[in-house]
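For this one, two forms of the same chain are given in structure tokens, first as structure 1 and then as structure 2.
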Structure 1
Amino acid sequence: MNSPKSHPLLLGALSLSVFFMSWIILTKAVGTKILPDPFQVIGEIIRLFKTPLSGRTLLEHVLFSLRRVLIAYGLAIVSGLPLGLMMGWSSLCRKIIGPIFEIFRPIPPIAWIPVAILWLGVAEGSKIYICYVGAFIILALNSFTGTRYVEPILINCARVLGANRKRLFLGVAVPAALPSIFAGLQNGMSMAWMCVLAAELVGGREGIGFIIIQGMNLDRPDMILAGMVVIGLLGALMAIVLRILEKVLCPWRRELV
């Protein structure tokens, strides 16, 4: 009962308290013109909920960004996960697709912004495309890694019990790869948020990225930090949902400490 694991809420509250106290102290040192304190940022978030920016409230801007992220994320799941699983399981697929994948994998998603704008303009399509590229690479890579490096003893035991190749894949390889797949889902979600912000900063009239760029244009660091805090809260909420889903689908996985 005295172990740190038995007091997760207390430790979390303590770390947040230290963080906010450090933030306040740093604000006192550099001034609110450079770094607003937490109360100013919270006040700005409340103001943005009530006062429209470019004709839209904060909730409307959040919904624009969230829609872009979720559409791109869903497309990345239905395309990236099967591709990674196939490359990890089939040597033929790996030999055919692997070289092409390795060429495109190191290219940062943000580098696709000019191409996306040329192809799709500055409308919704280009923003969704940028988010899709960022999430797709991570999801494909993690599902490939999880499937490719399944413990050989699991495969051999299933073969001894008479499992055919289809059952080996669906009953052994995919479940064994689930932890790696869920890690990819979390990282892919984070990357999708990074990309949507970059796309909205470049060419957008709505979204959280637009709020941040407006804060820069208006010399309002409190508005910039308000947008960043909202992103952090949304990302944390989605990460919690994914962790709960992982515990349901991977009940055999346990924390070490």
Structure 2
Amino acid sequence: MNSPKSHPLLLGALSLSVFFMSWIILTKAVGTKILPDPFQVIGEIIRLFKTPLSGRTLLEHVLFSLRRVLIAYGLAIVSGLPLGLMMGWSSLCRKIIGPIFEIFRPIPPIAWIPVAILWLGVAEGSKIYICYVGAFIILALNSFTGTRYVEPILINCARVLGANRKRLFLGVAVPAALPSIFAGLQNGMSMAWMCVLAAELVGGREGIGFIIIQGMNLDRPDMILAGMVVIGLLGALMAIVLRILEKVLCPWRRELV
């Protein structure tokens, strides 16, 4: 690990250029019908921005997906966090809600798609519901473990300093659980994002998932890749936003690596 510092940026740039070069060479070998080259993909993104696909431009599709994710995510925060905190803090809650939670936990949120469609139709409802399930389980689980495994010495310390049960919860358990909760917010967001994709793949006439499934139906790999690139960018963007949020809300963790 003590190897002399070789220029990390240079190596990174080198590896990326090798990656794109081999992509272009591969395109030459198999033909653009199977693998379009990076320039075509960029061109396709620009085209989708200008020309509507089934009546909507790329931006509108993105906004559709984003809206679904954010509504579901908001609902999951409002319901999942308190539930997890309660289960972590009160053994009574844990014993009553725990087993029911355990039944639903192992079912992948995507497996809810058919049932959601049966219940709520193919419209917005079912898609939001699926994203909600995905984010909810992760958020509840993370806030649960966060509060449940607070260091006992901190609780003892707070009791010695005269904290009542309410302050133990709000003043110790919740802040101690914040790092875990933020990890849950990150994972929950990427899960919600994945779920909206899956839901849009299975049925729907708008959203980014629709773009890539349409690309498959039209046999247009450049369209698929364009959709994938947009999804990747959006996902990365949201992760960054959340990370900044964590730095703002948990100032004491800033000094840590």
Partner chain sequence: MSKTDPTSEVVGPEILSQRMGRGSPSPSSIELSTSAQLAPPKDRGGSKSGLLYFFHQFLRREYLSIISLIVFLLAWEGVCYFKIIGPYQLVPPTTVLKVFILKLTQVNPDGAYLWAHALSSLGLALLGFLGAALIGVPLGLFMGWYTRLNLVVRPIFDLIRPIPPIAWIPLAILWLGIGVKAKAYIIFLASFVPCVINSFTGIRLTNPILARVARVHGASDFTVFLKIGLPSAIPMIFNGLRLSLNAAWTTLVAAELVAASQGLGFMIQMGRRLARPDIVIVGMLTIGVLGALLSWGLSKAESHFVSSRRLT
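Numbering runs along the sequence of structure 1, starting at 1. Please read these numbers as outputs of a predicted model, since none were measured by experiment. We call the rigid core the largest set of C-alpha positions that still match within 1.5 Å between the two forms.
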Which structure would you label as the form predicted alone, 1 or 2? 1
Aligning on the rigid core, do we see the C-alpha of L35 shift 2 angstroms or more between structure 1 and structure 2? yes
